[in-house]
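Only one chain is included here, represented as structure tokens and corresponding to the form predicted on its own.
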């Protein structure tokens, strides 16, 4: 079945393709200019922003739906994506903002329209390399762009809670799974890797301790090339050993940040 091509069609018959009552919202994190950023959408004719999201097709597994939504909004696939929470408050999507959108589009859905009913959202977070992303709007939005986590705009529905929960989960995961492969370029210095961890945790880390912990994981390869950053400052470049990195993701680690 073809996807709806207009908002009117989506409101009137989207339930034929998508499972009602269950949606997916993705907190997509990127790292750029030493800032942790999250990808947000600006809904048409509505004052506020939201996370990229969508519904699950009737015969589609939830994880595949999340990957599809991620690829539609970023243009990339096969990235780290993890389910982190289920948001199920009864009134979570009962906002006047949705009515404002409907009024501005001159459509008149029935009061029992499938989009007005209680919806439970499955939250996923993704880690992507900033430079590879092409932010792309969806049917209900007219802007899609990155926002610094310290300068977020007004968020719709319960998406402030979603972002907070995603960041809390990511911070906890730093203790048990490596991060960086999907957030950093192919080669990077140890200070750059440390800055990534400090940005996510929002606090400084001891340089020697951090380097010792990361090297103990045996997931890094030191390259012969150095980065010239000034007199007497030429740190080595590193890169991840993809096989060992994937093994660490599967088996888990214990860092204790």
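Numbering follows the first chain given and starts at 1. Small disclaimer: the values here were computed from a predicted structure and weren't measured.
Note that the form predicted in complex with a further copy of the same chain isn't included here; everything after this is about it.
When you look in the model of the complex, the only residue of 88, 185, 153, 75 with a non-hydrogen atom within 4.5 Å of a further copy of the same chain is 88. This chain is drawn without a further copy of the same chain; in the model of the complex, the residue among 56, 196, 46, 50 with a heavy atom within 4.5 Å of it is 56.
In summary, the region of this chain contacting a further copy of the same chain in the model of the complex, judged by heavy atoms within 4.5 Å and restricted to 59-67, 187-195, 29-37, 218-226, corresponds to 59-67. At the 4.5 Å threshold, heavy atoms of residue 20 reach a further copy of the same chain in the model of the complex.
In the model of the complex, at least one heavy atom of residue 120 sits within 4.5 Å of a further copy of the same chain. When contacts are judged by a 4.5 Å heavy atom cut-off, residue 83 counts as touching a further copy of the same chain in the model of the complex.
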